[in-house]
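Okay, here we've got a single chain as structure tokens, the form predicted on its own, with questions on binding and movement later.
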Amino acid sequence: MSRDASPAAAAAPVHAFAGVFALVAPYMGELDRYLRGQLGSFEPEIRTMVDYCIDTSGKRIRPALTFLSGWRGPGTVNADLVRAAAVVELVHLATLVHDDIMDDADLRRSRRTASREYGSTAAVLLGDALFAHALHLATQFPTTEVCAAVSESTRRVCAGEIVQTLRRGTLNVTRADYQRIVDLKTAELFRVSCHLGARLAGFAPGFVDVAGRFGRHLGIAYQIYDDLVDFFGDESRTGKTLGTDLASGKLTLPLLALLERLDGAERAALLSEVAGEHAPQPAERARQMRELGVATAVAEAVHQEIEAARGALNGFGDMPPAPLLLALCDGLVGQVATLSVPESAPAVSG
């Protein structure tokens, strides 16, 4: 199944975030049609629930990474990339369903979360069904390579979520622990999205490896940014419940950096909130993060990972996907700049 890509989309400026998504708009259209077409594979009793999850999938950055890593220029839409993108998107949707249960979140993409809409018990099983169907689609490729890669990544994502869940409300979390959790639960799916895109597009193994490294660093940057959003984002803009990390006892990088700067009664108060002994005070913690330089330091951590992602592409700038992937880095830098962190937060040159 292939369709001609729009010449108008191909003319979009590749170094603009919106322009990159305009380029892959034909792919995104095919992905949406493909995912809708999968509804009939689910049992009639849960199709509405699956459709509800597909409707709240947001920017679809992981599928975009698959398409961009496999970009060879405007032309026909590669059906293998669409199928692979559907696989990673379904895995991601499953993790979102489970995350929202554990975070007791009300909103996802400005709509009620699946757990609020259908109840947490049903939502757990809904996430399982999405995982299962993603792996079923992965078996439809002519080799076992895709299924093996997705299965391993899915296991790693689940392992990251398990580790984070077991550490909720505990105070024995280091920066190394945080890095490990992020590497597993977020960066891994970014990595495999890029890996599959480059591999299925037929690029040489060297670039496939580079694309995977790029995805990993971008995924780490994206998660740190998301953790910053939890304190400095605007719920009306993000469309999801904020302030859930502190409330659910997750020691993310902003909280770890704040703990390193607090002492005495203030540090003890924050620890008691993480442990669930006292009501969380996210607004007060955000104020302290601004005053103590935490917000700036965490923004810099995002920028460092973005630079590492850019660095992974060194020597491959002439490859068709490279300028498009770099534009995603520019876009994330822009998103960090929209947060209400101090204006002294370091900028990253293009």
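Definition used throughout: the rigid core is the maximal C-alpha set that superposes within 1.5 Å between two forms. Numbering starts at 1 and follows the sequence shown. The shown structure was predicted, so the numbers you read here are calculated from the model rather than taken from an experiment.
Omitted here: the form predicted together with a further copy of the same chain. The next part is about that form.
Here is the short version: of D80, D106, D226, E161, the single residue with a heavy atom within 4.5 Å of a further copy of the same chain in the predicted bound form is E161.
Listed residues T244, Q179, S151, S272 were compared with a further copy of the same chain in the predicted bound form; S151 is the one with a heavy atom within 4.5 Å. In short, of 40 to 48, 282 to 290, 295 to 303, 308 to 316 it is 40 to 48 that has heavy atoms within 4.5 Å of a further copy of the same chain in the predicted bound form. Among residues of the shown chain, L126 is one whose heavy atoms approach a further copy of the same chain to within 4.5 Å in the predicted bound form.
Interface membership of S236, defined by any non-hydrogen atom within 4.5 Å of a further copy of the same chain in the predicted bound form, is ruled out.
With a 4.5 Å cutoff on heavy atoms, H278 does not count as touching a further copy of the same chain in the predicted bound form; it lies far away. Within this chain, R72 is remote from the site of a further copy of the same chain in the predicted bound form, having no heavy atom within 4.5 Å. For the partner-free chain shown, Y118, T121, A122, V124, L125, L126, D128, A129, F131, A132, H133, L135, H136 of 109 to 138 come within 4.5 angstroms of a further copy of the same chain in the predicted bound form, judged by any non-hydrogen atom. With the core held fixed, G119 shows a CA shift of 2 Å or greater between this form and the one not shown. Once both forms are fitted on their core, the CA shift for R310 between this form and the one not shown remains under 2 Å. The rigid-core alignment places the CA of A322 less than 2 Å apart between this form and the one not shown.
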